[in-house]
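Two separate entries follow, structure 1 and structure 2, each one form of the same protein chain as structure tokens.
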Structure 1
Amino acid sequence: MLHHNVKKAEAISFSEEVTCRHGGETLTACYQCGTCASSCPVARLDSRFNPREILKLALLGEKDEVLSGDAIWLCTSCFNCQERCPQNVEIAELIFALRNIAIEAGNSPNIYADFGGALIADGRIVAISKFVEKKREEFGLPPLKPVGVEDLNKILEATGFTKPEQKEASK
């Protein structure tokens, strides 16, 4: 259900919350022309996701609806919409900003907990096993160099990186 006609007081502060954020600055330039929607490879396959609709909801301050649903996680980050937006709305980056807010609120698909955990532990998001290292040797590839995990974690800390929560399997 959409509540487009209702403009709530706290709603306005949500659009402000978004525009104050890294990546969210261009939200209010959106005039709902729908170029993003027709540019989107996902929207026509999955009705849960429509970038124009997400921007509208964010503009109207429908915070819960934007953050709690599946929609924002269905963007492929292909930047097609952003490339063609006539208002230079940085839509793909806006989606990142919305995801950042959702994760801070403890709301994200489980796969992000895996990404976050791997990054913190290894400094990479795909693990290198002993098997892989052996295989590399077979192919004549050079041994992998050490990863700056320590520095990376200092940076994560300094930038307020929140590790996404792993939810119960029941979800």
Structure 2
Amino acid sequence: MLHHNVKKAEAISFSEEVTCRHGGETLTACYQCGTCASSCPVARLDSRFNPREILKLALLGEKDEVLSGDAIWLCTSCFNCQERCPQNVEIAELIFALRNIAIEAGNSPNIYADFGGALIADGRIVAISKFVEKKREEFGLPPLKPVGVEDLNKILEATGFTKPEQKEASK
């Protein structure tokens, strides 16, 4: 009888994992009315993104489908969905929480790896072109100084971002 009470801690469900996160607390308040999808400008333009569908999948525990897809990365955080939600579900914050979980699981868009590589190499996300340097001079702006990447690389190393990996392009 004692061994019955001393069971190994069961793994929490995906919806519980989301609701335990900052920004994910309101997930279970969603009752799938569809107001979020009807007011979403991204959903109108791209059928891959539907906030209602993302929340439904999260509630159903479809962790792999939510985190490995690209839908959560399409949200522009315009807050239309959140402002109109009759249950006050904080949808934009939920998307941020899902993105954080996805990044921790190693699922992030390739552009983040590109940004990380550029930061490590040059200290900037985008290299400064000769054209930009010339235009700055024409407008009387000072030249951009090289960025010291040593301190930045210490930060990136501490956060585990020194070796950004690109996902294999899906076909």
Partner chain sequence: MKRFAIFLGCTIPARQPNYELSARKTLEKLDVELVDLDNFTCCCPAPIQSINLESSQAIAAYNICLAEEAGLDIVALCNGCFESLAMANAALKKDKKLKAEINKVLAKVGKEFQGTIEVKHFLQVLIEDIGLKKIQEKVTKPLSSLKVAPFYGCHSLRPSKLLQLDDPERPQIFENLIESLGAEPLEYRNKLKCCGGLLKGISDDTALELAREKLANTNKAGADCISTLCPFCFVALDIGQIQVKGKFQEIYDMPILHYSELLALALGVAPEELALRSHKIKADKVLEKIA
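The structure presented is a predicted model; accordingly, all values stated were derived computationally and were not measured. Basically, rigid core = biggest C-alpha set you can superpose within 1.5 Å across the two forms. When a residue number appears, read it as a position in the sequence of structure 1, where counting begins at 1.
- The form predicted on its own appears here as structure 2; structure 1 is the other form of the chain.
- Comparing the forms between the two structures on their rigid core, the Cα displacement of residue 124 reaches 2 Å or more.
- The rigid-core alignment places the CA of residue 153 2 Å or more apart between the two structures.
- The Cα shift for residue 133 between the two structures, taken after rigid core superposition, is 2 angstroms or larger.
- Comparison between the two structures places the CA of residue 143 11.9 angstrom away from its other position, after core fitting.
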